[in-house]
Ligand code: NAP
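A single chain, nothing else alongside it, follows as structure tokens in the form predicted alone.
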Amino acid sequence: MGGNGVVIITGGSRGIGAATARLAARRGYAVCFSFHSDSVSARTVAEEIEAAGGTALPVRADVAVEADVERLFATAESLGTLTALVNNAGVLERQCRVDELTADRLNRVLTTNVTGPFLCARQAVLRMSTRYGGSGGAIVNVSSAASRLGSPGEYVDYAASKGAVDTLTTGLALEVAGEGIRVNCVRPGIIDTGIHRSGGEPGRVDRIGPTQPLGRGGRPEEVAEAILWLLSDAASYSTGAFVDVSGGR
């Protein structure tokens, strides 16, 4: 087990999740991360962590499926005591207006981006809360600046799902504050990851990045730094907090 215990990171095979997995391993966590379908990328991330002397356990799981979430957390127990959760897994679909949305699309986005973090938070609380005999821990939810900006003309459904993650952060933080668990949130802005291809615009960072107050898009590693700070004892008096990693936007 890592010196800081075990962290579960959802969506850890690429982008912000992969950067967080690598940094968490360097900071002394044993890392268990989920991936949805890209086993090649998941294996690559795990091999990189292990080559650097860390511990990594990739688990194929759909966070929108309750049985998969239960299996993810049960599998992570082989690494030791769970001390941290990063609710990172998320999806978006092609850019469109609200009047072009379908129920099927809404359900796909909301089950992954809202149901998933709730199901994972439940399993984490059951293991970490002093109410259930745990020793405490920390949860970081990965939201988006979209929750504040609305993403008009692109993906209001994604933005709304991240608004729900913001509310989960506030409510859960207050609910478990007396049970040894801190719950905080990171809201990335325009970050250079593959998720923009899902929205139909692979070059979105190049288009929007220069318009940000800091003049560029962000890197996944910059978001990972904020996540690891919130998980650490350096943030021991922070709960229900939001850290915007959005270049000033």
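Position 1 is the first residue in the sequence shown; the rest follow in order. Bear in mind the structure is a predicted one, so any value in this text is a computation, not a measurement.
Absent from the display: the form predicted together with the ligand. The rest refers to it.
Interface membership of V183, defined by any non-hydrogen atom within 4.5 Å of the ligand in the predicted complex, is ruled out.
Contact check for V142: a non-hydrogen atom falls within 4.5 Å of the ligand in the predicted complex. Using a 4.5 angstroms threshold between heavy atoms, E66 stays clear of the ligand in the predicted complex.
At the 4.5 Å threshold, heavy atoms of T169 stay clear of the ligand in the predicted complex, well away from it. Among R43, R216, H36, R27, the residue placing a heavy atom within 4.5 Å of the ligand in the predicted complex is H36.
Screening V91, A76, V114, A159 for any heavy atom within 4.5 Å of the ligand in the predicted complex leaves a single hit, V91. Stretch-level contact analysis of 96-104, 142-150, 127-135, 169-177 against the ligand in the predicted complex, using heavy atoms and a 4.5 Å limit, identifies 142-150. Scanning 5-32 for heavy atoms within 4.5 Å of the ligand in the predicted complex gives G11, G12, S13, R14, G15, I16, G17 in sequence order.
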